[in-house]
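There is one chain below, alone, in structure tokens, taken in the form predicted on its own.
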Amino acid sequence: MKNRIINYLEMAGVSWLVPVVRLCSGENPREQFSDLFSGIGLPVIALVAFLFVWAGAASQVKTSLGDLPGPVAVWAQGENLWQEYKTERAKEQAFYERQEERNQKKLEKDPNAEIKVREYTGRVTFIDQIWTSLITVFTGFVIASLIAIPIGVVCGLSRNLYGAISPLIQIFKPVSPLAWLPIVTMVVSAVYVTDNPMFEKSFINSAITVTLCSLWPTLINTAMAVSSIDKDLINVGRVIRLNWTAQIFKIAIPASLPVIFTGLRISLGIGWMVLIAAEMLAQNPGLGKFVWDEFQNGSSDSLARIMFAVLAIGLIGFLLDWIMVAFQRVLSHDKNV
């Protein structure tokens, strides 16, 4: 039972809890407390030290909006943002309840009356913008992965093909999202013309920009991983007469998964960074737009709200990487990532 719990914790990427399990099972307390201090104590001490330094230095920095906000002020704005979200959801619920009540009264008077259901068009809150950003980055990341992994596998199996497209990779890989976005915007505006769009153009612009900037690490890592696998594995596949598709899915991809996941993690991190800049310019209603709107607002609370958004962006990026690590441990043979 103990080993099973430890295995689950390690697979989930929370191995710092393993000493707690070992301690509860009666293993060497001194060793387990030492591991707990290394895994939990030191990070907590570093975090507390950072907060003290931040609080002490913040009052010394003067800006056009007043002193640089410290941890307390930033946390207070985080609570305000959460309260704004709760208030907006309460307004939304009340709106639909009133609409339902009016429709019921209308039907009571005339069972054949035409009922109209209107969507709530209230203010977009910080929590809503987080979800918008997550959906956007997930869309761009999935598209990038679906493009990069197949191309990377084929390039890894064919040196000639990799040599042919390598110059294109080296040219487009360092291009900034700020350079891609105007091109994407003009192309989408010319191609995506409809009176009843399924997706907003700002969402499509941001998602495609994320795709263009995040596919390169996955493509390169996949090609490198496939080209580096043991040739004996390929030869065995040929000996037992596996067809080309079976060689890819039964030999090439499983043997390359650890390195492919490394590329996916890098791509997701790049995509999350690119997204914020893309949303600022494309005005996609996500975290990037929130930061830009607060900067334009210039109120006394704007700086603290921006700093809270920065911390939220960093925390979400950390959680996304943690999720990718957990997936890698479950799906690949590399359990020590």
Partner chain sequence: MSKVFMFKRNEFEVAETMIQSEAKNNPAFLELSDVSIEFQTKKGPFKALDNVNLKIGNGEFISIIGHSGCGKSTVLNIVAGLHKATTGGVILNNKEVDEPGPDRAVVFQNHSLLPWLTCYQNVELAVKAIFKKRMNKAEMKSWIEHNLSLVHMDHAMHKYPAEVSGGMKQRVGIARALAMQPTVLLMDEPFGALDALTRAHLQDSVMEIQAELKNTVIMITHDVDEAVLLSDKIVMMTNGPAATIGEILAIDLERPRDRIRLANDKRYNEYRTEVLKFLYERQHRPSEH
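Positions refer to the first chain, counted from 1. Values in this document were obtained by computation on a predicted structure and should not be read as measured data.
Another form, the form predicted in complex with its partner chain, is not on view; read the next lines as being about it.
Checked against its partner chain in the predicted complex, the candidates 238, 109, 116, 123 yield a single residue with a heavy atom inside 4.5 Å, and that residue is 238. Screening 91, 102, 250, 159 for any heavy atom within 4.5 Å of its partner chain in the predicted complex leaves a single hit, 250. You can rule out all but one of 136-144, 238-246, 171-179, 82-90: in the predicted complex, only 238-246 has residues with a heavy atom within 4.5 Å of its partner chain. A residue is said to contact a partner when one of its heavy atoms sits within 4.5 Å of a partner heavy atom; residue 195 fails this definition for its partner chain in the predicted complex, lying far away.
Using a 4.5 angstroms threshold between heavy atoms, residue 71 stays clear of its partner chain in the predicted complex. At the 4.5 Å threshold, heavy atoms of residue 255 reach its partner chain in the predicted complex.
Interface residue remark: residue 233 is counted as part of the site for its partner chain in the predicted complex, having a heavy atom within 4.5 Å.
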